[in-house]
Ligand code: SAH
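Single chain ahead, written as structure tokens, the form predicted on its own.
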Amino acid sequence: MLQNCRPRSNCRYTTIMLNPCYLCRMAKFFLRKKIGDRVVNGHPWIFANELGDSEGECAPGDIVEVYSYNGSFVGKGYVNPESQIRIRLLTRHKNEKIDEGYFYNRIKEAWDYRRRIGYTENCRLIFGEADKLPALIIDKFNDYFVIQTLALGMDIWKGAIVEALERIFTPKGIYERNDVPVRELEGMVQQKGFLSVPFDTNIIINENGLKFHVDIENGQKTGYFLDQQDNRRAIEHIVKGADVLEAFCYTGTFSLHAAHYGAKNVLGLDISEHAVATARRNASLNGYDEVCKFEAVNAFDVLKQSAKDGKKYDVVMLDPPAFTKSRENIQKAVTGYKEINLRAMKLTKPGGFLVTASCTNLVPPQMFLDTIAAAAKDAHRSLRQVCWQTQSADHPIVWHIPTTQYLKFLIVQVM
């Protein structure tokens, strides 16, 4: 019967219930004997070099069972021989079925958790591995949802995911932002578009008493960075009456929060003309046109030149994009973080504040702190820590899955 599972053709979510593979006995994979305890301790990723023997046949995206070398059950997940991550586990319970009900229950549980901790209007509803749905991202912008299915085994269940969202939320719209290169590593194409009745993808959301334009279709990632929403509140007391500089401001969210919390003047810098245009619209939307000014420039160059010109600010804020997505370039990323923070410290008045962040997953927290310390040493400044945080709690951190903790957010007084 296993022979009938192949070929799987180009099955996608629209035909998944008709696929004979799901009527067959699952293929089994066995972990090698001499591997670490990472998978057994809770990490859902299994790499090709961690697998030994296998039994039965399967096609890319199929659900398979994983066992330890001695035959004890480890979990069920989806497989893809084209991916470096060969199997991503969905459940540790042998009798749990992976079907439409599974995805409904996981999304419902994730929503119950967000509501319980206070994230009801805008939130990351599904944060991949942290919500037992590896390679799935769902952002909730009030009544609109943006989905990313970043692995083949998750993409196959897109129909079940959309159906679950419709049942739980009755949304005004659902949009797919799968225009990301990582999909190509899974043998998939990049794509984006409506998964519901078409709607105006330029929406307005509320955050911390402010309003922001969100471009779901063309904005970065899913259109807005929800992971900093708690951190944006953390600047409230340090910006009152201050002259503020924000580098890498994107659509001006930190800048607008600074104005909202009483900053005297705010200058935001970003290399993207489109982002700066949106930042200006956000300033107008909230009535801060006179307080917030934005320039489409290379922030690296402006930081360097401003330091040479002797400019000083009460608060300097840095929220750059990820400097690397590969381990080979970690040192270049660290060098980049050190350089921009050194320049920012030179621009900060004695007793002023530096707000700095890193979303580079491959730079762990201690490495980031060490980099800031090295920058302070070279700038001949001393630091006093005010705040040290990570991403907002709707992006939950799960112990034993280090990739779920990626954002570093630091406020220091520069003396």
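Numbering starts at 1 and follows the sequence shown. Please read these numbers as outputs of a predicted model, since none were measured by experiment.
Below, we refer to the form predicted together with the named molecule, which is not included among the displayed structures.
Annotated contact segment (heavy atom within 4.5 Å of the named molecule in the predicted complex): 312-320, selected among 110-118, 312-320, 332-340, 183-191. F248 is the sole member of F248, F294, Y102, Y288 with a non-hydrogen atom within 4.5 Å of the named molecule in the predicted complex.
Contact with the named molecule in the predicted complex, defined as a heavy atom within 4.5 Å, holds for exactly one of L210, A234, I271, A307, namely I271.
Proximity to the named molecule in the predicted complex holds for none of N122, F169 and N178, with the criterion being a heavy atom within 4.5 Å. Although the partner is absent here, L150 sits far enough away that none of its heavy atoms falls within 4.5 Å of the named molecule in the predicted complex. The named molecule in the predicted complex is approached by F300, whose closest heavy atom lies within 4.5 angstroms of it. At least one heavy atom of Q228 is located within 4.5 Å of the named molecule in the predicted complex.
Residue contact with the named molecule in the predicted complex: T201 places no heavy atom within 4.5 Å of it.
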